[in-house]
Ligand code: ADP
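The form predicted alone is given below as one chain in structure tokens.
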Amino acid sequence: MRIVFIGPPGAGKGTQCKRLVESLQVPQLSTGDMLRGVRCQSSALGRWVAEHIDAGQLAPDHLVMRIVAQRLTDEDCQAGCLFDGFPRTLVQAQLLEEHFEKTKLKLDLVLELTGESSLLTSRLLKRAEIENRADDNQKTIRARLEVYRAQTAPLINHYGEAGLLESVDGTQQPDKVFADIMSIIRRRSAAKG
């Protein structure tokens, strides 16, 4: 099963992906983690990615798609995967759809985790403290929420029209969020056959 997680920063996409990895036995593809890995490299690309991340901006679509397409060729992705933080824009969604058409794969489900901005900001600031993440500060969080509203939110309509979208309140207790997600997956799997 191939599942895309979308939602504002701090809605719990990474947390729920990790739980689903264990449950579904498929890998989590976190473009954020992949980009942070590139950011740490002392190369021109690393510095370029760092500038985007530190400013709260999204990395260019073609770069992200190249990283994702390469990862999808790995053996552990053949039975499915969980996309955490990708696609983030309509262009990325179209690039992913084109890739799937070429490779005869398909997307099974898009899970939207929702949440109120003030609560999400508090969560992110707490996470920054615990994980010592320099990219989670008040200014960057505000910028990331704005980028989400401007660039990622249109995916909700896109995937809703495609019949792939299901929404879950990501601000509930993590166990409740996970139970809601598993209920959706069971229902979708049963409907498929």
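Everything numeric here is computed off the predicted structure, so don't read it as measured data. Counting begins at 1, following the sequence as shown.
What comes next is about the form predicted together with the ligand, which is not displayed.
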State yes or no: in the predicted bound form, is some non-hydrogen atom of G170 no more than 4.5 angstroms from a non-hydrogen atom of the ligand? no
May I ask you to state whether R123 is within 4.5 Å of the ligand in the predicted bound form, using heavy atom distances? no
Indicate whether Q28 is a 4.5 Å heavy atom neighbour of the ligand in the predicted bound form. no
So in the predicted bound form, is the ligand close enough to A59 to count as touching (4.5 Å, heavy atoms)? yes
Spell it out for me: taking the ligand in the predicted bound form, does every residue among R2, A93 and L105 have a heavy atom no farther than 4.5 Å from it? no
Between 2 to 16 and the ligand in the predicted bound form, list the residues on our side with a heavy atom within 4.5 Å. P9, G10, K13
